[in-house]
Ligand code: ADP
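Taking the form predicted alone, here's one chain by itself in structure tokens.
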């Protein structure tokens, strides 16, 4: 298949098609309808059901134009059943009025499609689609597709272009026909032809819920393209050359001996998997998963020790300054006593200090910790051997590519405290090796979750006072920094003021994203040192904050948070031996989706189960976040309902790449075109 078969259309139309991601004939073939309209049969007006979109054929009886300010065109039509239907056009052109007047004078017939409803003068359609037809003009032989579109691109134009693409594009079968028959999958050509023009005998429900065999074939092919691309990216990386970082283990051993805690068996297993990767000449691309508080940071530190001991630099990138700074403080405390130079680099540093740190990053620094500032063009590394990306789903494909390009071809370790459900990992992360820390460190207390309506806020305030009286500390999290006219939420600034007046004997501090870096650092340091009893915060403390003495988390307007955020925030407590509580303070009435989220977080503590439920509620597009800012999302397959197809596609991808790499390439070209390179991040 040629790499590109451009769409034959005027430049203005091609520009509009490009907004929909349609640039090749193959893109049009795979631009499948949202729904269908049945223009294969005419319904007599006298039998028309209200609330149903249908086709009628009738003569124009008369028309009238109302006066301003409600200038409307009303056309009355009738048919042999004796029924009368009004066609109402709230906006219209003079040419449209003249054409309908001519049709009325000539006794012409209109074929009209629209939804029937009750109007002021009986049955009516508002802005129906219509055209003048001859008495013997045949009806459509298939359902009429309605496509996703954009401004200035009408359905008629799209239908014409798709029909031409179906005729001209290469629809040849790329899979074994016998295998397809065993799997009850139609050929590719038959599937797309049916979906673009289904015969009226097809049960519309199977088209709507995408259970028809033609839909199954399309979903399988899409998943197969994803699996082929990810697998090919994985195999291509195995051919690349990365720094070999031998695992002598001396520095890592010194670090482990200095720790005030023992590593869990799961941490040791995962650390060994990473150490084995780093000692290879092909670049590591590993995702380190683990629930909140399982101890991913120390595993990353051990990996950093291996790279540093081999004479290479390590860069650790985190999505927020607070998280990056927490990593910096922790890693500096662990590694500086071992004579490792740990550097802090973020965008908020002053110009002179930033220039100095950039110079250190390019020369002496062994471990550089920072935010997205690490990918700025003016920052270069002398010998970058390992990249560690925390909360990797918050970074886009291109951002990670930029960081990798700074070091030639370094190893890459991505960490996530948002557990990935199995079907999602199989589809979106099939190009990665995955390590899982499935064991929590000893001494952690389980966190009880409690739901409180906002009218019980006084009880929550009393609970904060009691926790502090018992020698513990607490968080109070708000979703906004200050009041918004658009959203009625309690702001962190206002909450801090109110709580300070209600709890005058407590030491209360405030931290949010708009504070300067040094201000945030000072507040967090005071909280860690026990000099602050209650920390009022926005979600900047969602990840990375580790204060064992904090035993109470209050989340204001919990109904506004996503499941992953709620689980992350809850993970800020329960880090010591004390009994810990997370209070979800919500504002009734709750929407159905908010009620579902709060029920899930109340009933489940396991991050993987919460992630599975989250996937069910939100779908993969939102769940996997910005890994996908470059990766083509699944448009047709549904990971919750099509898990069997994911497994089938995974096995077929391996088979096709081994037995017929040429057909695998043609399949990828059909589905992804030039977008496959974005999967290589």
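Numbering follows the first chain given and starts at 1. Since we're looking at a predicted model, the values are computed, not measured.
This protein has a second form, the form predicted together with the ligand, left out of what is shown; the following refers to that one.
None of the heavy atoms of residue 303 is located within 4.5 Å of the ligand in the predicted bound form. The closest heavy atom approach of residue 293 to the ligand in the predicted bound form falls within 4.5 Å. Contact check for residue 471: every heavy atom lies farther than 4.5 Å from the ligand in the predicted bound form. Within 4.5 Å of any heavy atom of the ligand in the predicted bound form lies no heavy atom of residue 328. A single residue from the set 526, 102, 202, 263 has any heavy atom within 4.5 angstroms of the ligand in the predicted bound form; that residue is 263.
The contact with the ligand in the predicted bound form, taken as any heavy atom within 4.5 Å, belongs to 297 out of 297, 517, 538, 320. Every residue of the trio 334, 442 and 546 has some heavy atom no more than 4.5 Å from the ligand in the predicted bound form. Only one listed stretch (131-139, 221-229, 285-293, 167-175) carries heavy atoms within 4.5 Å of the ligand in the predicted bound form, and that stretch is 285-293.
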